[in-house]
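The data below hold one chain only, encoded as structure tokens and taken in the form predicted on its own.
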């Protein structure tokens, strides 16, 4: 299939959703219904050799991969078998066009699924690509409730690149403390940080030194923690769909001795470029092409290293197994160490290389209707350590926003307008804030339907001297154009003129803002609903690093009764 472009109107595209559906109308005719039945339960497992409680789907973590074709309807029946704990599952990267109540965001689009209850998610996967799903309740993602979504093109239509085999790689970091212990520490006075992970997992498998396990059950020969093996045939080309479900860490992924060609990210084709190793941030997905073109008489390491934070976790390892070598045969060399963890320029330059593939460019609107600047800071509120945006630390209301706005329950959350910027002239992003105090709020940003919105993510120093962290921001319900990245303080006059890419910017749903830097994105508010926008680091969002957008709620159809029952929504008729 030739690359299709959205129709132009007065020099820029019509609302993206309409353009894309017009473009892809023929393949969608063969759509099917894909049904899944899941039970979410606690299980004792040993992903890194140390036994602990994990949250599994049908006994597995990572959970089952959802396989579908573009235009299919996916129905997932989720039974909450956690006994004493609520849950909800977010379908990360699926825009939920026409089904905002299936976004799976507790407190935003639905009430949580109560213990013993079953909730049915139903949505259309309207674009091909690599996506993920994960818990969106508390910090359950850290406990193992996550998995992959593969959306392929309809039969008879080809990708704009060739490969022989398609493989899946899910990356994660892993702690031995339960998510309840972690959350309690984050909420305590004095503050107790989660610290660095004990291990890194590749497809749910890692390694921990059992001599350090103390009284915990740890067995280094447990097959559950034997390295993941990716078997390849010499000379063949492999598409690796790499997803980061990390709770904290920024990752660098490398296959010893092999180059990787980046071809897709977050469901959009990339103008191909070659890397020795790939930087990937929590919530991102990439497809890379790898040719098995090295000496075939041995195996090679696939290595996962932490970047952006000073590592205190062993390298995560898998085996890149050349057939017919034994799959458990260890490579004779040391695993790749990856780039320097604090080489921000290296990571920034890789971000700047990501452009939309020629023939698959959806040009952004050339102008914007609204600019919102979000300063990312670490703060204190009444002795508690929090993260904040423009000095506001986000809290979720008891009544989900979608229900409250659709049914005009305005008393259930703040009606004040959240701040659109910060005092750029007097705030020094390179120093600890002189006054770190912030305030709580559950106010929402109200967006005019079909308006074009720019978001400037501005990073700053945390409350630790000489420390600025990488924050991967994820937008629900939309893809956005990544207009640019830059170091230092964003200049609203010169940076849009000199550093914005309006020609072939990549579209994504998750993007990183680098330490002491800025990232600019643009999207069209054309998807009726209420949508979270937040840092995808589990502890940062838990500690208030997020906001919520409302757009066109009056256009949303009748809400399903199944999403109600919490807060003031229990008073609404459920029929």
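Positions refer to the first chain, counted from 1. None of these values were measured; they are calculated from a predicted model.
What comes next is about the form predicted in complex with a further copy of the same chain, which is not displayed.
**Q** Only one of 469, 85, 254, 454 has a non-hydrogen atom within 4.5 angstroms of a further copy of the same chain in the predicted complex; which is it?
**A** Partner contact (heavy atom, 4.5 Å) among the options: 85.
**Q** So a further copy of the same chain isn't shown here. In the predicted complex, which residue out of 116, 324, 465, 383 has a non-hydrogen atom within 4.5 Å of it?
**A** Only one listed residue qualifies here, and that residue is 116.
**Q** Taking a further copy of the same chain as it sits in the predicted complex, is residue 565 in contact with it (heavy atom to heavy atom, 4.5 Å or less)?
**A** Residue-level check for residue 565: yes, a contact with a further copy of the same chain.
**Q** Using a 4.5 Å heavy atom cut-off, state whether residue 31 contacts a further copy of the same chain in the predicted complex.
**A** No, residue 31 sits far enough from a further copy of the same chain in the predicted complex that none of its heavy atoms falls within 4.5 Å.
**Q** Looking at the partner-bound form in the predicted complex, is residue 332 within 4.5 Å of a further copy of the same chain by any heavy atom?
**A** Contact check for residue 332: no, nothing within 4.5 Å of a further copy of the same chain in the predicted complex.
**Q** Consider residue 67 of the chain shown here, and say whether it contacts a further copy of the same chain in the predicted complex, taking contact as heavy atoms within 4.5 Å.
**A** No, residue 67 stays farther than 4.5 Å from a further copy of the same chain in the predicted complex.
**Q** Is a further copy of the same chain in the predicted complex close enough to 44, 178 and 398 that every residue in that trio has a heavy atom within 4.5 angstroms of it?
**A** Each of the three qualifies.
**Q** Of 371-379, 180-188, 496-504, 266-274, which is the one stretch near a further copy of the same chain in the predicted complex, taking non-hydrogen atoms within 4.5 angstroms as near?
**A** Within 4.5 Å of the partner lies stretch 180-188.
**Q** Within 4.5 Å of a further copy of the same chain in the predicted complex, which residues of 206-229 have a heavy atom? Give them in sequence order, or say none.
**A** Heavy-atom contacts to a further copy of the same chain in the predicted complex: 212, 213, 214, 215.
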